[in-house]
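Same chain, two versions here, written out as structure tokens and called structure 1 and structure 2.
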Structure 1
């Protein structure tokens, strides 16, 4: 072969190989940026998840030097026989239902009512309404402990002054009030986030729809139900799903800080029960069995909500 042709072929081969390497690197490059996030998710989410599934089949007290003992499904049997399980389950459902007005109904109304505010006023109201969301749960708990204190609280003082009650009320030690107070405080924290989500979704609606509806003579109430609510249906379904899946978790901090599940277990929920199994009773297996059971239950709920969202939500594409 002619040396010149051979040299050209060699150069061509090197160029092709270099191009292939460059293409391969360009293909892999985005995934390299994701590697740290994937590693963190695997380490902090999936590894504990797998360990929880494993411990649900073992009996272990976390005492140093002891080894987990395989007991099969005995933890699940023990869980269903536990006297606190059914009350905690009922309370979890009550917390989920009680949070819905604060995560969907009120934020939707507030977002729609304030959507037409001028620039600075809108920013001010958004900042004020979002403040509860960024406050740490401990600070929120201290504020409400002071407001609802049985003898020195502002709320009791006002109720007595206005003649609504004749005696001070121990809101967090009274079975009739403890659960309601937890729902109100958790809802107060949630309302700002939901309002901002609905406000953001409202901003993305094409104003020409409203102009056309006005020309057709549609009033504000009809525009809200026939247009705003329909166009916001994906956000409504999203907030509904978030509220159903996380209402129990959001109330956990206030149960722990304000009532510790009392009085007489009336304010506990399934997440606080898991906490007690693990750190009060040192029963890792029972805690893991509870977590596994509700991982499955909430997974089914999430899939069902996604199905409902695809079926009923309207996407303006």
Structure 2
């Protein structure tokens, strides 16, 4: 063969190969960029989630060298017979309801009330009210343990000096107070964040609406209910959803650090119960069954709220 043609053919072959390679590479490139994120999240979130669903059908104590034993739905029947389950369930609902004033109601009013304050004052208040949000939960728990200490705490000292109570109160060891205190502490940490969310949503609202309403002679209370609330409804729905889904988890650290679920299970909730099933009782199956149940229930709640939000929230485009 003519050497020149042969040479041409060779380079031609090479370019075709190279083109194919680049084409193939072009096609894969986007996936390569997403690969680290997706791989890590699948490995540490979705794979374990499937494993948990599987564990809910097995009996296992996490002891190395032992094999999980298939028991079918026995874990679920055991769960409903467990004496701690129903009270924890009730408490979970109370925790969710108890958080709503701090995550939705109060922040909404504060955001509306401060909306037209001058810039400097607004920023100062925002900065201060927001501080609890970034505090480490362990530090928060220790601070409140000190403030509410039965014999040496500031709160008991003030209550006694002002004559409000005649005895020291052990807030975290008292059935009447434990849960309320956990809610108040979780709420203290939450209120700043929600207020910010509502304030930022408010500042995105077109002022013309307000001017028009003022011209129509609507008072500030009317304006709040007829306009602010309507225009903020997407944010209200979002905060409602976040609050319902996460209230139980926000209080986890405080339950663990301050009451360990007691006294007599009065401050425990479903998330803390799961932790106890797994790491106190070493009952993987029971914990996994609870997790499965709640994953389904909360999934349904989230879908429902998403649906409601689409249906009722007012979007201003």
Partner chain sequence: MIKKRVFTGLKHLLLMLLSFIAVFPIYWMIISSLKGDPEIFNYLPFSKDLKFENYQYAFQAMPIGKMLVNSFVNSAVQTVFQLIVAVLAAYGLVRWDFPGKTILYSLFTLTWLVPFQAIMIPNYVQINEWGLNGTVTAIILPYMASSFACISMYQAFASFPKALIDAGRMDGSGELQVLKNIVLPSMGASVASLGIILFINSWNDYMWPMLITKKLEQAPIQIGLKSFVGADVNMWGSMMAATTVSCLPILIIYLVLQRNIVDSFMKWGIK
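Just so it is clear, the model here is predicted, and its values are computed rather than measured. Residue numbers count along the first chain shown, from 1. Heads up, when I say rigid core I mean the largest set of C-alphas that superpose within 1.5 Å between the two forms.
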*Answer for which single form is the form predicted on its own*: 1
_Cα displacement of residue 36 between structures 1 and 2, core-superposed (Å)_ = 2.4
